[in-house]
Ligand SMILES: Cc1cc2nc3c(=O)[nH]c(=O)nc-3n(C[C@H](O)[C@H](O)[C@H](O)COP(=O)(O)OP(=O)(O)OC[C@H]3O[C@@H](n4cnc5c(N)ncnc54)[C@H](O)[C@@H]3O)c2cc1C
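Shown below, as C-alpha coordinates, is a lone chain in the form predicted alone; questions about how it binds or moves come after it.
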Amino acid sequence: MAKSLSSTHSVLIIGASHAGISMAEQLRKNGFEGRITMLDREAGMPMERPPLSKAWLVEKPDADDPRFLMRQASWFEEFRIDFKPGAEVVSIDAPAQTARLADGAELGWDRLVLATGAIPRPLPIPGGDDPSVFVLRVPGDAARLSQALDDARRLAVVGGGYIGLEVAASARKRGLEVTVLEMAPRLLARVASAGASAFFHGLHQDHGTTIMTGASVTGISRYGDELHLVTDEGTVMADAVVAGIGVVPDLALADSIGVETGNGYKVNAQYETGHGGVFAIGDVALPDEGYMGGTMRIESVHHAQMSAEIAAAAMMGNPAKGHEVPWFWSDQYDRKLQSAGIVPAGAETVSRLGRREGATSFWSFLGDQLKAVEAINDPQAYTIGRMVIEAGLDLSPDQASDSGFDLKSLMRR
(Lines give C-alpha, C1' and ligand atoms only; values in the text may rest on other atoms or scores of the structure.)
Protein backbone atom coordinates (compact mmCIF):
# COMPACT_ATOMS: atom_id res chain seq x y z
CA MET A 1 0.00 0.00 0.00
CA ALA A 2 1.42 3.38 -1.00
CA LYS A 3 1.95 6.09 1.61
CA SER A 4 -1.14 8.08 2.58
CA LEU A 5 -2.01 11.18 0.61
CA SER A 6 -1.25 14.72 1.74
CA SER A 7 -2.31 18.13 0.43
CA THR A 8 0.79 18.27 -1.81
CA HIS A 9 -0.26 15.17 -3.74
CA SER A 10 -2.42 14.94 -6.84
CA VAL A 11 -4.96 12.32 -7.90
CA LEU A 12 -5.84 11.61 -11.52
CA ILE A 13 -9.19 9.87 -12.11
CA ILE A 14 -9.81 8.40 -15.56
CA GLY A 15 -13.54 8.08 -16.09
CA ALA A 16 -16.42 10.28 -15.00
CA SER A 17 -19.30 7.89 -14.53
CA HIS A 18 -20.63 6.66 -11.19
CA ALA A 19 -17.29 5.24 -9.98
CA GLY A 20 -15.19 8.25 -10.94
CA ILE A 21 -17.63 10.82 -9.56
CA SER A 22 -17.96 8.88 -6.30
CA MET A 23 -14.18 8.59 -5.99
CA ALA A 24 -13.67 12.34 -6.19
CA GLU A 25 -16.45 12.97 -3.71
CA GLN A 26 -15.17 10.37 -1.25
CA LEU A 27 -11.62 11.73 -1.40
CA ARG A 28 -12.88 15.14 -0.30
CA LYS A 29 -15.06 13.59 2.40
CA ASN A 30 -12.01 11.71 3.68
CA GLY A 31 -10.13 14.99 4.05
CA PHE A 32 -7.98 15.11 0.91
CA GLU A 33 -7.04 18.73 0.12
CA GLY A 34 -4.76 18.16 -2.86
CA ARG A 35 -5.46 18.41 -6.58
CA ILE A 36 -8.05 16.13 -8.20
CA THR A 37 -8.19 15.94 -11.98
CA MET A 38 -10.96 13.93 -13.66
CA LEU A 39 -10.82 12.96 -17.32
CA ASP A 40 -13.61 11.55 -19.47
CA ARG A 41 -13.51 10.62 -23.13
CA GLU A 42 -17.17 11.60 -23.51
CA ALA A 43 -17.94 15.24 -24.30
CA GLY A 44 -20.23 17.27 -22.06
CA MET A 45 -21.26 16.87 -18.45
CA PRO A 46 -21.47 13.35 -16.97
CA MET A 47 -24.91 11.82 -17.37
CA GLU A 48 -26.70 9.23 -15.27
CA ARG A 49 -26.38 5.82 -16.93
CA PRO A 50 -29.38 3.81 -15.60
CA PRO A 51 -32.03 6.07 -17.25
CA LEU A 52 -30.46 5.69 -20.70
CA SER A 53 -32.37 2.47 -21.38
CA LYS A 54 -35.53 3.64 -19.64
CA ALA A 55 -36.78 7.21 -19.10
CA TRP A 56 -34.20 8.76 -21.44
CA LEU A 57 -35.34 6.61 -24.37
CA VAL A 58 -39.02 7.17 -23.64
CA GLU A 59 -38.95 10.92 -22.98
CA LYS A 60 -36.34 11.85 -25.64
CA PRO A 61 -34.84 14.74 -23.64
CA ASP A 62 -32.27 17.27 -24.83
CA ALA A 63 -28.68 16.15 -24.43
CA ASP A 64 -28.11 18.68 -21.64
CA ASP A 65 -31.37 18.07 -19.78
CA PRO A 66 -30.41 18.76 -16.13
CA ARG A 67 -32.72 15.98 -14.88
CA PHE A 68 -30.30 13.41 -16.25
CA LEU A 69 -27.01 15.00 -15.21
CA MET A 70 -25.03 13.02 -12.67
CA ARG A 71 -23.77 16.25 -11.12
CA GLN A 72 -24.36 19.92 -11.86
CA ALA A 73 -21.43 22.15 -12.88
CA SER A 74 -21.53 23.77 -9.45
CA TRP A 75 -20.64 20.41 -7.86
CA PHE A 76 -17.25 20.35 -9.58
CA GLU A 77 -16.57 23.85 -8.27
CA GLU A 78 -17.70 22.99 -4.75
CA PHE A 79 -15.51 19.87 -4.58
CA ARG A 80 -12.62 21.56 -6.42
CA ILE A 81 -12.48 19.02 -9.23
CA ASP A 82 -10.61 19.91 -12.42
CA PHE A 83 -12.94 18.16 -14.86
CA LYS A 84 -11.78 17.68 -18.44
CA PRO A 85 -14.48 16.22 -20.73
CA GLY A 86 -13.58 14.95 -24.18
CA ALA A 87 -10.11 13.94 -22.95
CA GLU A 88 -8.94 10.46 -23.90
CA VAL A 89 -5.93 8.85 -22.26
CA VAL A 90 -3.87 6.79 -24.72
CA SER A 91 -1.05 5.57 -22.47
CA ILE A 92 0.29 5.59 -18.93
CA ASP A 93 3.96 5.81 -17.90
CA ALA A 94 3.65 4.30 -14.43
CA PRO A 95 7.29 4.75 -13.30
CA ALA A 96 7.19 8.43 -14.34
CA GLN A 97 3.62 8.80 -13.01
CA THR A 98 2.33 10.52 -16.13
CA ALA A 99 -0.63 10.04 -18.45
CA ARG A 100 -0.50 10.95 -22.14
CA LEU A 101 -3.66 12.21 -23.82
CA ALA A 102 -4.76 11.82 -27.43
CA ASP A 103 -3.99 15.49 -28.06
CA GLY A 104 -0.37 14.97 -26.93
CA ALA A 105 -0.72 16.60 -23.53
CA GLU A 106 0.78 14.94 -20.47
CA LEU A 107 -0.57 15.01 -16.91
CA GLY A 108 1.28 13.98 -13.77
CA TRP A 109 -0.18 12.14 -10.81
CA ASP A 110 0.71 10.75 -7.41
CA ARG A 111 -2.25 8.37 -7.37
CA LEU A 112 -4.05 7.05 -10.43
CA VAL A 113 -7.64 5.80 -10.40
CA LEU A 114 -8.89 3.69 -13.30
CA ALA A 115 -12.66 4.13 -13.49
CA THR A 116 -12.86 3.32 -17.18
CA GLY A 117 -15.90 1.06 -16.94
CA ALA A 118 -16.89 -1.45 -19.57
CA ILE A 119 -17.54 -1.58 -23.31
CA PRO A 120 -20.57 -3.20 -24.97
CA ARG A 121 -19.86 -6.40 -26.86
CA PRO A 122 -20.52 -5.96 -30.59
CA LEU A 123 -22.46 -8.64 -32.41
CA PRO A 124 -19.77 -11.05 -33.69
CA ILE A 125 -21.72 -12.06 -36.79
CA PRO A 126 -21.89 -11.02 -40.44
CA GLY A 127 -23.82 -7.76 -40.59
CA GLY A 128 -23.24 -7.04 -36.90
CA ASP A 129 -21.54 -3.79 -37.87
CA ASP A 130 -24.49 -2.45 -39.88
CA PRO A 131 -25.13 1.24 -39.01
CA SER A 132 -28.64 0.32 -37.89
CA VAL A 133 -27.27 -2.04 -35.22
CA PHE A 134 -26.88 -0.14 -31.96
CA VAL A 135 -25.34 -0.65 -28.54
CA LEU A 136 -26.23 1.27 -25.41
CA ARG A 137 -23.71 2.37 -22.81
CA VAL A 138 -23.14 6.14 -22.96
CA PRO A 139 -25.40 9.14 -23.69
CA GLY A 140 -24.22 9.33 -27.29
CA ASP A 141 -25.37 5.74 -27.82
CA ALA A 142 -28.79 6.60 -26.38
CA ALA A 143 -29.13 9.69 -28.58
CA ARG A 144 -28.34 7.73 -31.74
CA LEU A 145 -30.71 4.93 -30.81
CA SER A 146 -33.52 7.31 -29.88
CA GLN A 147 -33.22 9.09 -33.22
CA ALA A 148 -33.34 5.76 -35.05
CA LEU A 149 -36.47 4.72 -33.16
CA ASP A 150 -38.23 7.86 -34.40
CA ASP A 151 -38.11 6.45 -37.92
CA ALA A 152 -38.50 2.76 -37.08
CA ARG A 153 -41.57 0.56 -36.86
CA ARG A 154 -39.91 -2.69 -35.78
CA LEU A 155 -37.06 -3.19 -33.32
CA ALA A 156 -35.14 -6.40 -32.74
CA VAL A 157 -33.25 -6.73 -29.45
CA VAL A 158 -30.50 -9.36 -29.44
CA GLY A 159 -29.93 -10.39 -25.84
CA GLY A 160 -32.48 -10.95 -23.09
CA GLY A 161 -30.58 -9.40 -20.18
CA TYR A 162 -31.68 -6.40 -18.16
CA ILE A 163 -30.47 -3.79 -20.66
CA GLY A 164 -32.15 -5.57 -23.55
CA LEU A 165 -35.44 -5.92 -21.68
CA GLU A 166 -35.39 -2.30 -20.51
CA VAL A 167 -34.83 -1.13 -24.08
CA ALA A 168 -37.63 -3.42 -25.26
CA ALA A 169 -40.04 -1.93 -22.72
CA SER A 170 -39.06 1.62 -23.71
CA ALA A 171 -39.53 0.86 -27.40
CA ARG A 172 -42.98 -0.65 -26.77
CA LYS A 173 -43.94 2.51 -24.91
CA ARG A 174 -42.99 4.42 -28.04
CA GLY A 175 -45.27 2.19 -30.09
CA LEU A 176 -42.74 -0.01 -31.88
CA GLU A 177 -43.17 -3.69 -32.63
CA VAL A 178 -40.46 -5.43 -30.61
CA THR A 179 -38.86 -8.87 -30.83
CA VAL A 180 -36.36 -10.04 -28.20
CA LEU A 181 -34.00 -12.82 -29.27
CA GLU A 182 -32.13 -14.68 -26.54
CA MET A 183 -29.68 -17.49 -27.24
CA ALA A 184 -30.14 -19.09 -23.79
CA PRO A 185 -33.17 -21.23 -22.93
CA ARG A 186 -34.64 -18.38 -20.86
CA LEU A 187 -34.40 -14.64 -20.34
CA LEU A 188 -31.94 -13.27 -17.76
CA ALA A 189 -30.27 -16.68 -17.63
CA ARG A 190 -26.95 -15.38 -16.24
CA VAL A 191 -28.31 -12.97 -13.67
CA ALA A 192 -31.72 -14.04 -12.36
CA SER A 193 -33.52 -17.05 -10.92
CA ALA A 194 -35.78 -19.11 -13.15
CA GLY A 195 -38.77 -17.69 -11.28
CA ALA A 196 -37.82 -14.07 -11.95
CA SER A 197 -37.00 -14.97 -15.53
CA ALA A 198 -40.46 -16.46 -16.08
CA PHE A 199 -42.08 -13.41 -14.48
CA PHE A 200 -40.41 -10.96 -16.86
CA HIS A 201 -41.01 -13.25 -19.84
CA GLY A 202 -44.73 -13.07 -19.11
CA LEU A 203 -44.62 -9.33 -18.41
CA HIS A 204 -43.10 -8.54 -21.80
CA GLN A 205 -45.41 -10.90 -23.65
CA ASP A 206 -48.40 -9.27 -21.94
CA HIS A 207 -47.22 -5.93 -23.35
CA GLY A 208 -47.06 -7.28 -26.89
CA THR A 209 -43.36 -8.11 -27.22
CA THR A 210 -42.40 -11.25 -29.11
CA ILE A 211 -39.92 -13.32 -27.07
CA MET A 212 -37.72 -15.90 -28.80
CA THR A 213 -35.50 -17.95 -26.47
CA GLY A 214 -33.00 -20.56 -27.59
CA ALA A 215 -32.61 -18.44 -30.73
CA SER A 216 -29.09 -17.84 -32.06
CA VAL A 217 -28.70 -14.97 -34.52
CA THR A 218 -26.17 -16.08 -37.14
CA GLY A 219 -26.22 -13.08 -39.46
CA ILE A 220 -27.87 -9.81 -40.41
CA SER A 221 -28.57 -8.88 -44.01
CA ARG A 222 -29.80 -5.54 -45.33
CA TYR A 223 -32.52 -5.26 -47.98
CA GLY A 224 -33.05 -1.58 -48.62
CA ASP A 225 -34.11 -0.03 -45.31
CA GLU A 226 -34.97 -3.42 -43.84
CA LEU A 227 -32.75 -5.71 -41.80
CA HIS A 228 -33.19 -9.49 -41.85
CA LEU A 229 -31.88 -11.33 -38.79
CA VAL A 230 -31.16 -14.93 -39.63
CA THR A 231 -31.76 -17.32 -36.74
CA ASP A 232 -32.11 -21.07 -36.32
CA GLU A 233 -35.80 -20.35 -35.70
CA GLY A 234 -36.34 -18.42 -38.93
CA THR A 235 -35.84 -14.86 -40.13
CA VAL A 236 -36.83 -11.79 -38.10
CA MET A 237 -37.33 -8.50 -39.91
CA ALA A 238 -36.55 -5.16 -38.28
CA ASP A 239 -35.80 -1.53 -39.00
CA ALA A 240 -33.28 -1.27 -36.17
CA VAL A 241 -31.40 -3.69 -33.94
CA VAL A 242 -30.04 -3.32 -30.43
CA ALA A 243 -27.19 -5.58 -29.33
CA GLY A 244 -27.53 -6.27 -25.62
CA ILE A 245 -25.16 -9.22 -25.23
CA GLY A 246 -23.11 -7.95 -22.32
CA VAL A 247 -19.97 -5.89 -21.82
CA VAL A 248 -16.22 -6.37 -21.45
CA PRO A 249 -14.03 -4.34 -19.08
CA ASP A 250 -12.15 -1.44 -20.67
CA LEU A 251 -8.55 -2.58 -20.18
CA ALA A 252 -7.02 -0.45 -22.94
CA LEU A 253 -4.43 1.02 -20.58
CA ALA A 254 -3.37 -2.25 -18.95
CA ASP A 255 -0.31 -2.94 -21.11
CA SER A 256 1.17 0.52 -20.72
CA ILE A 257 0.69 0.42 -16.94
CA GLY A 258 1.95 -3.14 -16.62
CA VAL A 259 -0.66 -4.40 -14.17
CA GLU A 260 -2.21 -7.84 -13.94
CA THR A 261 -5.61 -8.39 -15.49
CA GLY A 262 -8.20 -11.10 -15.85
CA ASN A 263 -11.80 -10.24 -16.54
CA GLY A 264 -10.93 -6.81 -15.19
CA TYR A 265 -8.01 -5.15 -13.40
CA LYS A 266 -6.98 -7.45 -10.58
CA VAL A 267 -7.06 -5.52 -7.32
CA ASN A 268 -6.90 -6.25 -3.60
CA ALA A 269 -9.63 -5.62 -1.06
CA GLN A 270 -8.81 -1.88 -1.10
CA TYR A 271 -9.06 -1.81 -4.93
CA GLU A 272 -5.33 -1.20 -5.40
CA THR A 273 -3.59 -2.95 -8.29
CA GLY A 274 -0.23 -4.67 -8.05
CA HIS A 275 1.40 -1.38 -9.03
CA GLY A 276 1.44 0.73 -5.86
CA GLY A 277 -0.55 3.92 -6.17
CA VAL A 278 -2.70 2.69 -9.07
CA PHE A 279 -6.29 1.82 -8.18
CA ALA A 280 -9.15 0.40 -10.25
CA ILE A 281 -12.81 0.77 -9.23
CA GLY A 282 -16.30 0.11 -10.53
CA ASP A 283 -17.14 -2.15 -13.46
CA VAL A 284 -13.50 -2.50 -14.51
CA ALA A 285 -12.28 -3.86 -11.15
CA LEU A 286 -11.86 -7.52 -10.19
CA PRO A 287 -11.20 -7.58 -6.42
CA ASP A 288 -9.53 -10.68 -4.99
CA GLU A 289 -11.55 -10.37 -1.79
CA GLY A 290 -15.10 -9.35 -0.99
CA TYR A 291 -18.42 -10.84 -1.93
CA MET A 292 -17.35 -12.74 -5.05
CA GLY A 293 -13.77 -13.46 -3.95
CA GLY A 294 -12.19 -12.68 -7.31
CA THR A 295 -14.47 -14.98 -9.30
CA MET A 296 -16.41 -12.31 -11.18
CA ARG A 297 -16.78 -8.57 -11.66
CA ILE A 298 -19.82 -6.79 -10.24
CA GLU A 299 -21.43 -4.39 -12.73
CA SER A 300 -23.70 -2.04 -10.80
CA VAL A 301 -24.03 1.51 -9.55
CA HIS A 302 -23.82 0.19 -6.00
CA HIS A 303 -20.47 -1.50 -6.62
CA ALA A 304 -19.15 1.63 -8.36
CA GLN A 305 -19.97 3.74 -5.33
CA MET A 306 -18.86 1.15 -2.75
CA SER A 307 -15.50 0.53 -4.43
CA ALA A 308 -14.86 4.28 -4.60
CA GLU A 309 -15.63 4.66 -0.91
CA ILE A 310 -13.25 1.82 0.03
CA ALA A 311 -10.45 3.03 -2.25
CA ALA A 312 -10.68 6.66 -1.11
CA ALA A 313 -10.47 5.67 2.55
CA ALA A 314 -7.47 3.44 1.80
CA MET A 315 -5.67 6.23 -0.05
CA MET A 316 -6.08 8.52 2.94
CA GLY A 317 -5.02 5.87 5.45
CA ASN A 318 -8.49 5.83 6.99
CA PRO A 319 -10.41 2.71 8.06
CA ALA A 320 -12.38 1.33 5.13
CA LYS A 321 -15.72 -0.38 5.45
CA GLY A 322 -16.07 -3.98 4.37
CA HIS A 323 -17.42 -5.17 1.05
CA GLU A 324 -21.21 -5.22 1.01
CA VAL A 325 -23.68 -7.63 -0.50
CA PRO A 326 -24.24 -6.38 -4.07
CA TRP A 327 -27.62 -4.98 -4.98
CA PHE A 328 -29.25 -3.99 -8.24
CA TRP A 329 -32.49 -2.63 -9.64
CA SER A 330 -34.37 -2.56 -12.93
CA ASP A 331 -37.51 -0.71 -14.06
CA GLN A 332 -39.66 -2.33 -16.75
CA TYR A 333 -43.15 -0.97 -17.46
CA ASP A 334 -44.82 -0.51 -14.06
CA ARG A 335 -42.64 -3.10 -12.34
CA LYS A 336 -39.61 -2.28 -10.23
CA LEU A 337 -37.17 -5.09 -9.52
CA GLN A 338 -34.87 -4.74 -6.52
CA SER A 339 -32.43 -7.56 -5.93
CA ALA A 340 -29.66 -8.30 -3.45
CA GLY A 341 -27.02 -10.99 -3.64
CA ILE A 342 -26.09 -13.21 -6.58
CA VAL A 343 -28.24 -16.20 -7.59
CA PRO A 344 -25.83 -19.16 -7.42
CA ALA A 345 -25.83 -22.19 -9.69
CA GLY A 346 -27.86 -25.01 -8.21
CA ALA A 347 -29.89 -22.77 -5.93
CA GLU A 348 -33.34 -23.67 -4.67
CA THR A 349 -35.64 -20.75 -5.42
CA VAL A 350 -39.01 -20.21 -3.79
CA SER A 351 -41.57 -17.51 -4.49
CA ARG A 352 -43.57 -15.36 -2.10
CA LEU A 353 -46.60 -13.15 -2.68
CA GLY A 354 -46.32 -9.67 -1.25
CA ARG A 355 -48.87 -7.76 0.76
CA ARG A 356 -49.63 -5.32 -2.04
CA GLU A 357 -51.34 -6.18 -5.29
CA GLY A 358 -48.80 -7.24 -7.89
CA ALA A 359 -45.98 -7.65 -5.37
CA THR A 360 -43.96 -10.83 -5.53
CA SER A 361 -40.46 -11.97 -4.65
CA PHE A 362 -38.09 -14.86 -5.32
CA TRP A 363 -35.72 -16.20 -2.66
CA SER A 364 -32.72 -18.32 -3.68
CA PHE A 365 -31.08 -20.66 -1.17
CA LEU A 366 -28.13 -23.02 -0.96
CA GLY A 367 -29.29 -25.33 1.81
CA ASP A 368 -30.84 -23.08 4.46
CA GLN A 369 -28.61 -20.12 3.59
CA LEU A 370 -30.26 -17.29 1.68
CA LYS A 371 -28.02 -16.17 -1.19
CA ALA A 372 -30.25 -13.81 -3.16
CA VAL A 373 -33.62 -12.09 -3.08
CA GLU A 374 -35.40 -10.63 -6.12
CA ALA A 375 -38.34 -8.43 -5.16
CA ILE A 376 -40.79 -7.03 -7.68
CA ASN A 377 -42.87 -4.08 -6.45
CA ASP A 378 -42.12 -5.35 -2.94
CA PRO A 379 -39.65 -3.08 -1.12
CA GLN A 380 -40.25 -4.78 2.22
CA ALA A 381 -39.18 -8.17 0.87
CA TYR A 382 -36.09 -6.60 -0.67
CA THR A 383 -35.09 -4.72 2.47
CA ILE A 384 -35.54 -7.70 4.79
CA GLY A 385 -34.02 -10.18 2.35
CA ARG A 386 -30.94 -8.02 1.98
CA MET A 387 -30.65 -7.75 5.76
CA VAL A 388 -30.90 -11.54 6.12
CA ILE A 389 -28.07 -12.06 3.62
CA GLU A 390 -25.82 -9.39 5.14
CA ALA A 391 -26.36 -10.49 8.75
CA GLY A 392 -26.45 -14.24 8.03
CA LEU A 393 -29.80 -14.61 9.80
CA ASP A 394 -31.65 -17.92 9.87
CA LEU A 395 -34.44 -18.19 7.30
CA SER A 396 -35.62 -21.40 5.70
CA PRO A 397 -37.09 -21.80 2.21
CA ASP A 398 -40.39 -22.87 3.81
CA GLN A 399 -40.56 -19.67 5.86
CA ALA A 400 -39.64 -17.48 2.90
CA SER A 401 -42.38 -18.98 0.72
CA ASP A 402 -45.05 -18.77 3.42
CA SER A 403 -46.89 -15.47 2.97
CA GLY A 404 -48.25 -15.95 6.49
CA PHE A 405 -44.75 -15.87 7.97
CA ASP A 406 -44.00 -12.43 9.40
CA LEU A 407 -40.79 -11.28 7.73
CA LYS A 408 -40.54 -8.39 10.18
CA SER A 409 -39.99 -10.92 12.97
CA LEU A 410 -36.50 -11.44 11.51
CA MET A 411 -35.65 -7.84 12.34
CA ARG A 412 -36.40 -8.40 16.01
CA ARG A 413 -33.92 -11.25 16.42
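The first residue of the sequence shown is number 1, and the count goes up from there. Just so it is clear, the model here is predicted, and its values are computed rather than measured.
Keep in mind the form predicted together with this ligand is missing from the figure; the text below concerns it.
Although the partner is absent from this view, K60 stays clear of this ligand in the predicted complex, with no non-hydrogen atom inside 4.5 angstroms. Contact between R28 and this ligand in the predicted complex is not found at the 4.5 Å heavy atom cutoff. In the predicted complex, this ligand stays beyond 4.5 Å of every heavy atom belonging to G264. In the predicted complex, this ligand lies farther than 4.5 Å from every heavy atom of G34. This chain is displayed without this ligand, yet in the predicted complex the stretch 112-120 from 212-220, 112-120, 183-191, 153-161 comes within 4.5 Å of it by heavy atoms. Taken together, the three residues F200, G244 and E374 all stay farther than 4.5 Å from this ligand in the predicted complex, as judged by their closest heavy atom.
Site annotation in the predicted complex: the residue of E299, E177, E324, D239 reaching within 4.5 Å of this ligand with a heavy atom is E299. Checked against this ligand in the predicted complex, the candidates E88, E289, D93, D225 yield a single residue with a heavy atom inside 4.5 Å, and that residue is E88. With contact defined as any non-hydrogen atom lying within 4.5 angstroms of this ligand in the predicted complex, the contacting residues in 25-44 are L39, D40, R41, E42, given in sequence order.
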